[in-house]
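Next up: just one chain, as structure tokens, the form predicted alone.
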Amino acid sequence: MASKLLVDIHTHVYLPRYAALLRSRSAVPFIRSSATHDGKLDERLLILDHEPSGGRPVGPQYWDREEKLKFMDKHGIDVSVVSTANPWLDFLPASQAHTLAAELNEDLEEYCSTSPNVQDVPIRRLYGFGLLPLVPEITTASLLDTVKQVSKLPHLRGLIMGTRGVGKGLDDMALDPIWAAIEAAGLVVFIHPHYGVDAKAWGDMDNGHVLPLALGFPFETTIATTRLILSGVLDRFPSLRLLLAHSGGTLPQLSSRLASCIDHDPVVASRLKHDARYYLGKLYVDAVAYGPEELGFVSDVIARSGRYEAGTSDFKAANRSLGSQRMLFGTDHPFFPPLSSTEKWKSVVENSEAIDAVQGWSQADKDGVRGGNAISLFNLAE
């Protein structure tokens, strides 16, 4: 039964064509290749400045489809909606980014369309988020061309994008034609961080990657999404479907503070049709939060959004079950692997157990977060 499937919507791949590009480079982002003392190939991925330990070890799990399927089988995942991992095409000149986006979208379609079906269900095991060549100096025509391409590739059901847009952020008015095209095509936009915040905020102590990843990534998502809300994008494109990584960062926690600040700033208050808290109910978030209390809180914030629609005076208690309908399971594979190949991935187990332990979610709610919501959002049962 499709509604009982486990669907992973936050899972990445570095397609072979993309990995080859990274191997050809010598500055971040790149893959550094060297030989170990016993003559074996050692490849290290560096996608962030100051990567600890000289980069993360990479291997077939980053690009081999069979490795992705093995990971899915090991963890009981029926379907994955796969996305190219950060930093996407951000580091390329416009002409190269446009060409490579088209090629990688075709590659991802092939990766997904030739995957097996879920047993006894007419659904492929792999679907994908396409790439947009969102780089400075790209033309609107090039971006619209790529949206059209992705919308015609049957196994690509959305687009992944970072937070920089074409250089000025996602609230850049120059992106309005792109949002309009994405909305019209019915594609889901997965907003994912890469740059974090100013590294000076982390101080001088060596804390590895903990602060940039645990705090910098979600803060980046929070800022980018807040700017989108403040710019009126969700008013101008009310059917736009945005999916936020890492459970929306800190936006759920800070949404009432945001609303209060807007109320006291007439420039912004006059720009928006609704209280800022209303817009959180227009968003989707992954359930990559690792704890049941965090997931429950996020679902509460989403659930209460209706009371903040302009003209509404109904302030009844939020229905946590309602909020769960905008939350979707994710793993962040292939990052943070276990130390032993025989172990299940701790991050996957923690996220799965967190969904099970949320107080106030029915079994149907939990099944929805695990897969039913994704089946509906991405029209996978078609």
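Every value quoted in this text rests on a predicted model; they were computed, and no experiment measured them. In this text, residue numbers run from 1 along the sequence as written. Superpose the two forms; the largest set of C-alphas matching within 1.5 Å is the rigid core.
Below: the form predicted in complex with another copy of the chain, not depicted.
Look at 133-141, 299-307, 69-77, 101-109: in the predicted bound form, residues with non-hydrogen atoms within 4.5 angstroms of another copy of the chain sit in 299-307. With the partner omitted here, the residue from C261, A174, A180, I123 that has a non-hydrogen atom within 4.5 angstroms of another copy of the chain in the predicted bound form is C261.
Note on contacts: among P154, G186, G291, P93, the single residue with a heavy atom within 4.5 Å of another copy of the chain in the predicted bound form is G291. Looking at Q363, you'd find every heavy atom of it more than 4.5 angstroms from another copy of the chain in the predicted bound form.
Contact between P116 and another copy of the chain in the predicted bound form is not found at the 4.5 Å heavy atom cutoff. Mapping the unseen interface onto this chain, P238 falls outside it, with no heavy atom inside 4.5 Å of another copy of the chain in the predicted bound form.
Remark: Y278 does not count among the residues lining another copy of the chain in the predicted bound form, judged by a heavy atom distance of 4.5 Å or less. When contacts are defined as a non-hydrogen atom within 4.5 Å, all of S255, A269 and P338 contact another copy of the chain in the predicted bound form. Taking a 4.5 Å heavy atom cutoff to another copy of the chain in the predicted bound form, the contacting residues in 216-243 are F217, P218, F219, T222, I223, T226, R227, L230, S231. For T342, the Cα coordinates differ by 2 angstroms or more between this form and the one not shown after the core has been superposed.
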